[in-house]
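There is one chain below, alone, in structure tokens, taken in the form predicted on its own.
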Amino acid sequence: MALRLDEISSIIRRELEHYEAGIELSEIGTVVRVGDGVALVHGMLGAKFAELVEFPGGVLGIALNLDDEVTGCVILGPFHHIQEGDTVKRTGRAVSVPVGRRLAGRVLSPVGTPLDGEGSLDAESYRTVERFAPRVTARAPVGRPLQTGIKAVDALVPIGRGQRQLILGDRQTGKTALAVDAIINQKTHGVLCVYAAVGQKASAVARVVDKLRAEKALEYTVVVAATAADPAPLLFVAPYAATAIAEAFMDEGKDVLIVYDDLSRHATAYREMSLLLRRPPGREAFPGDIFYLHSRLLERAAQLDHTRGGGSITALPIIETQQGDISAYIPTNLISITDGQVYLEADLFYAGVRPAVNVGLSVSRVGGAAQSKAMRQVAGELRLDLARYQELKTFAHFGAELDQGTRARLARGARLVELLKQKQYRPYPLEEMVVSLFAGVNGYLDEIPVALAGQFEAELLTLLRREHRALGERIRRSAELDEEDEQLLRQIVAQLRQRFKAERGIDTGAEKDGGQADAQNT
């Protein structure tokens, strides 16, 4: 039906009454060169460092090079449709990411796009990905342990809440598995987790997510993923976005564990961006500010003072080495920034020692301050025994004549190495680690063949769970092994050893004579 003239005029009059004039001012520039995820933009002279800019199609970028006439921008998304002459607009905003408790259990990109197909993130608020690290006066000393559930780590290279502990080793030596074990072990410790996958294959990230979901660890974990198929700018932003999410939890007084997997790919992505932006290359073609790239990231991990909520961020950065070379540029940078490192050795891994922690090259600069008293009681002797074992093992390989004391140290060291072996995705609670290592360092396995050490440990822990649960609960609750409990534990282990040997017909004398052979075979 056609409208009458009076109806048309009334509609126009009503629209004019509600019309509000407004002017939107924005500074724009023009693309003069684009390629490989980097664009040079003429104009936008007022752009600030790390400011978001908008390309055609709603694709965002970051202004990183602020020259006199052109601005170098990296593009956070598909860039094949962007051409010379396109208009670029300043947004006046910095790169930000959604934060909040609702992100737990979700998988998202570094710019906040959900990747798990479970709908929008419904974020509570947003945070800029680049923030200043907490001041020195805002920090408290690291003194509370962060239990990873891995015997070789918690006993030999303990990690405290608020510490930065580097994990490094060649590819396929168990670096990611160690970090995922640490995440799984936080289920009963009230620690929230953030896993930043940087440059990993999408299939590898999917396997990690599936494992976390199967272990019910995804419920308290946020996964920030920038896979190998993503452009370098997204890989560059990913660790900072993950840290911003962790900082939001820390500011609420929560303890957070964040894993960067891995920063060697992060450094490579930054090198790619810098070379495309025509920045001067330095050692190994990395730009001159490569140290600052990681120092400003890892310094954000801290234990806050109680006046600021007492929250903490514990960082586990991962670095991939080439043929065990820990003196390369990026590994030495990270070693100097962090508070210690866990070095996973390929030779140990292929020899069946898993996790393949090299005790000599692994260190924690926090040390016993981040250990429970019960673990300190057994860990001191453990490190000493292992150090003696490593020194003496070389002589045993040459078939040298060894005295009885030396053979005894070799035999004990071989059994301690066997005790430190641990299956993947099977973290131990504190009380089981303490009981297992107590039996080893006090010589209760010296008369057990090396091949049967694992069986003895399994029977001991089963006995603890079934018949001596109260002892385990006391160790877990107090994190201490008092004299009364120590005496009870000695009786339990001694009785089990006697029964274990009788059931398997182990001859004590023959076993002592064969200690040297066991050490050679291990």
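As the structure is a computational prediction, the values presented were derived from the model and not from experiment. Heads up: residue numbers just count along the shown sequence, starting at 1.
Below, we turn to the form predicted together with ligand ATP, even though it does not appear here.
With the partner omitted here, the residue from A177, A206, L121, A94 that has a non-hydrogen atom within 4.5 angstroms of ligand ATP in the predicted bound form is A177. For the options F395, F349, F291, Y329, the one in contact with ligand ATP in the predicted bound form, meaning a heavy atom within 4.5 Å, is F349. Shown alone here, Q323 lies farther than 4.5 Å from ligand ATP in the predicted bound form, counting heavy atoms only.
Within this chain, P317 is remote from the site of ligand ATP in the predicted bound form, having no heavy atom within 4.5 Å. Remark: R354 counts among the residues lining ligand ATP in the predicted bound form, judged by a heavy atom distance of 4.5 Å or less. With a 4.5 Å cutoff on heavy atoms, K216 does not count as touching ligand ATP in the predicted bound form; it lies far away.
Only one segment in the set 248-256, 420-428, 448-456, 407-415 has any non-hydrogen atom within 4.5 angstroms of ligand ATP in the predicted bound form, and it is 420-428. Along 148-174, residues D170, R171, Q172, T173, G174 each place a heavy atom within 4.5 Å of ligand ATP in the predicted bound form.
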